[in-house]
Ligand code: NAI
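Next up is one chain by itself, shown in structure tokens, the form predicted on its own.
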């Protein structure tokens, strides 16, 4: 009998498997596809590989701004696709090797909860039960669609399909301007595609601070993206030559539609019916201190968990929390209040903690401080001054949240992660000195202003 059997080899599942080695636990990991999950195979890693290609192309295209004369670049889509796949293969191979080194048995098949363990269905239809003292559900998520836009992998696609386009689409409509939709809009526009971005809510990256959304909105429009917010679309009209996307009294003609309206938990058929596991719209409710479900000995981590962000790094932390409880009986809860969110567009957006509206809704009396990057030396050098920093603090109290929009935001947000997580006062954080010239000086300037002692 195994100490732990994990269903799903994505970030939550493989993190749990790797962390269990610290306690000498006997672990089996059941995966119907390839270890790595959405993040490694069809999400974070391949998407960021494409985004980096777009960034390089954009940089070379604008080299003349910096006094560098270069031939007009062109995109070798096939080479970029191959490089993306090589990055994925390298990381998947490294992960498989690490799991083997940690003595984790990987079982290829579909896992389903049964009494006493997990039933595995293999490709040939045969089954076997792996007995376990504890089970971790980490089955991840799948792309959602909307009525009138059923995925066909050709004219109507998900992000899974788009990451493997064999050639660059000339005209694309993207439905949904969350992180995934905006990232694809940014990279495709940077590489010369005609992009139409639709969002039903009133801003891109809904839920993000409106100041950051405005920075990104301006940047996308500057790239040539036709951004339409507060707009719904009618059913797609597919023809041999493309897709007609109606909205209001108008419509656009494109070659392909990318639907990016979020992800649904992949919990169908894994044996939750008739168990004490509480499920809501496919999401699993857990005790956030332990990740334990209502079924004794059964835990859930990652994208299947109800009410938590669908982020790979959240899944890592949840896997650690579950294994800690299994191995020691003690808790190591995830600090959701300080988990950073990054949108890897150009420019990037990073956020942590509460937005201004969330803080007010929670009953805080708040103080808000903002600082633009127009006067930041390094941002001027990089010709990228459209960014902003926003801090939200309790009146006469600690930092509650922060947002950075601009160059390097995905890296810079982590210093504010510590400040928010440790409930630092703005004056305490402002006492630390940033190197000059750096873009992160914008954070230092904002902290000084939040302390009532602005410099510039």
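Positions refer to the first chain, counted from 1. Here the structure is a predicted model, which means the values were calculated and not measured.
This next part talks about the form predicted together with the named molecule, which is not shown.
- The named molecule in the predicted complex comes within 4.5 Å of no heavy atom belonging to residue 316.
- With a 4.5 Å cutoff on heavy atoms, residue 382 does not count as touching the named molecule in the predicted complex; it lies far away.
- Under a 4.5 angstroms non-hydrogen atom cutoff, the named molecule in the predicted complex has residue 48 among its neighbouring residues.
- Taking the partner from elsewhere, residue 353 is found to have every heavy atom lying beyond 4.5 Å of the named molecule in the predicted complex.
- Though the named molecule is absent from this view, in the predicted complex it lies within 4.5 Å of a heavy atom of just one residue from 362, 201, 129, 289, which is 201.
- Of the residues 277, 96, 80, 231, just one reaches the named molecule in the predicted complex with a heavy atom at 4.5 Å or closer; this is 231.
- Figure note: of the listed segments 303-311, 107-115, 374-382, 354-362, the one touching the named molecule in the predicted complex, with heavy atoms no more than 4.5 Å away, is 303-311.
- The three residues 176, 180 and 263 all sit with a heavy atom within 4.5 Å of the named molecule in the predicted complex.
- Within 4.5 angstroms of the named molecule in the predicted complex, the stretch 340-375 places a non-hydrogen atom from each of 341, 342, 343, 344, taken in sequence order.
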